[in-house]
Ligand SMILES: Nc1ncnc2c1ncn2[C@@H]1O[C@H](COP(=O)(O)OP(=O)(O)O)[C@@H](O)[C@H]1O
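Only one chain is included here, represented as structure tokens and corresponding to the form predicted on its own.
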């Protein structure tokens, strides 16, 4: 069996606050394979970006991994020091496109100078070698190679975003973590950015962890995905499986909240309520107060990720994972028939 590119195993991340330990991620597990595009989906505050920071050794000062493991190419990295992350992983193995990435460019430095600085800290490349590699990446993301010596303010917003992607790729990492990479872009520019990312996937052996609240973006761009709610992994599977056969209540309702071109007149769904703020040990399903199919057991313990119908590649953390989808479909069919009779 091939060693996964990145693994999270029963990962729990907590932040120390004035009110106690806030649990941002609880017992989360997933794997990303070599050259795979993997989506991590959920609403704001569900723990997606915390997982990213944990994988990069970039948790805030009050945050720490309190349980579980993170492995990169089979090696545990959750206890790496800052020096080890810099020497072994950052930029040359795992690279990051952060939220608000256009603001991450230094306005006082040319793009080529920023690339040279990254190379100096993380590799033994000379300045000329680093700039030449950046030129190659500019060409890949659709920017004129001669513009590597421009300042950020000389680029449009979309061009700045592509420059950030070029910087993330120029040391040829094996894993690209993209945290809401198109948040500040219009729809046309979002499409262009993902066109380039998909071309990069076809041309080289690079995997991507796409962090987003937009489940439709993951359906379009990724191979597999996990859905998160309030720190817990709700469901994992191929994008086709989760699109056609979602089995966690949150996944079902999240999918219904996004438009589908096949049904332009369909009324979008609404997930009532708000996710909880989890303090200390999370010993219940975090979706229980918002779930229309909840049972008492959901409040008594946290469900573990278990296969649906024996499919090891489609685990779901729901006590009713084998029946919720059928109930949902039956309810919708009843509503449709009632509406037709009227």
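Positions refer to the first chain, counted from 1. Every value quoted in this text rests on a predicted model; they were computed, and no experiment measured them.
There is another form of this protein, the form predicted in complex with this ligand, and it is not shown here; the text below is about that form.
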Whether residue 47 contacts this ligand in the model of the complex should be assessed with a 4.5 Å heavy atom distance threshold; does it? yes
So in the model of the complex, is this ligand close enough to residue 27 to count as touching (4.5 Å, heavy atoms)? no
Determine whether any heavy atom of residue 328 comes within 4.5 Å of a heavy atom of this ligand in the model of the complex, and answer yes or no. no
So in the model of the complex, does any heavy atom of residue 34 sit within 4.5 Å of this ligand? no
The single option of 300, 281, 60, 306 touching this ligand in the model of the complex, heavy atom within 4.5 Å: 60
Looking at this ligand in the model of the complex, is some heavy atom of each of 22, 43 and 277 within 4.5 Å of it? yes
Heavy atom contacts to this ligand in the model of the complex at 4.5 Å, residues of 2 to 22 in sequence order: 15, 17, 22
